[in-house]
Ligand code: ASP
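The chain that follows stands alone, in the form predicted on its own, written as structure tokens.
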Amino acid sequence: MAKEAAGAGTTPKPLHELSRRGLARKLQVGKVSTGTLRYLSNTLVGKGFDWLLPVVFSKSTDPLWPDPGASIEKRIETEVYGESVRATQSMIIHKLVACSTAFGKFFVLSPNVRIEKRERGATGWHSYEFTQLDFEVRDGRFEHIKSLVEELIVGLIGELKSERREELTSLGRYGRLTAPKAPFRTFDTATLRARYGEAWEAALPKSISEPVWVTNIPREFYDFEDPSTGKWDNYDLFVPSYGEILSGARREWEYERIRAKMERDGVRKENYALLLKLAKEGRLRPSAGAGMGVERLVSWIVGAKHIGEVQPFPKVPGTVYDL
């Protein structure tokens, strides 16, 4: 049987197998998660963001290609009314359309289904079903998103230490968790590769004591790539000892650039026919945004040894639970 305080390489127990002590810990984590979601959603609404509802199935969803960090074993497809649809891997395509047409800035708590390769169950940092706090800002740039996220993270830690002191103390995190200082440091991937080699994503969290930004990451067609320099205007946020908790970018919006990048990367254009149509008609607008993994954020806050600890119903790669 898996240990209750599961670490990398062990499988978190479901609720009905936890001891009284394990259930008490799960409840404490749940209260910290509640405080996290309340603070983030209230703060964004207070800043004028609209709160949209998520999408579960769609003809278009994130290709997760050619992102080198993706590790998908299979994609969930089914038929609805004679049409082939896919489970949402992320709402990025929906965000681009929503931000271009009706909603200047918004957020959504979006369920994501990504059937990761089984070996990722041992990392303690991956889940095949999780929730992202997705947000997008029309005419936004990195400096806008950077400032917003740093304000959210710093304010969130302060709020939780004030309002969830009892739970954080019981979890052994109150004294160890401190609000980071903004602005966070920023690293280009070229610098990190020179310092750590190709394994920089694993090495970086071990070498930092506060959250840091990583920019210029070759990725999917919708992340903006400067044609004059070849640099990518995108960004990930890494936290100490854990890893990436947020991924975002300034977006491509011009038809020819989107089409050319799809062809370069072997992305099936028929899966993104509507996006291409809107771009060709000049109806896509420049924007920037990000998706923050809620479970990863909470794992860092509570000091979880496995992401499954912060999920009421764990979804660990390679393991299928009854619930």
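The first residue of the sequence shown is number 1, and the count goes up from there. Small disclaimer: the values here were computed from a predicted structure and weren't measured.
Note that the form predicted together with the ligand isn't included here; everything after this is about it.
Shown alone here, Asp233 lies farther than 4.5 Å from the ligand in the model of the complex, counting heavy atoms only.
Taking non-hydrogen atoms only, Thr189 never approaches the ligand to within 4.5 angstroms in the model of the complex. Although the partner is absent from this view, Tyr222 contacts the ligand in the model of the complex, with a non-hydrogen atom inside 4.5 angstroms. The shortest heavy atom separation between Glu159 and the ligand in the model of the complex exceeds 4.5 Å. Only one of 252-260, 268-276, 28-36, 282-290 lies within 4.5 Å of the ligand in the model of the complex by heavy atoms, and it is 282-290. A heavy atom within 4.5 Å of the ligand in the model of the complex is found for exactly one of Asp134, Glu116, Glu201, Glu150: Asp134. Note on the partner interface in the model of the complex: the residue among Cys99, Ile245, Ile92, Leu168 having a heavy atom within 4.5 angstroms of the ligand is Ile92. Residue Asp62 is the only member of 44-66 with a non-hydrogen atom no more than 4.5 angstroms from the ligand in the model of the complex.
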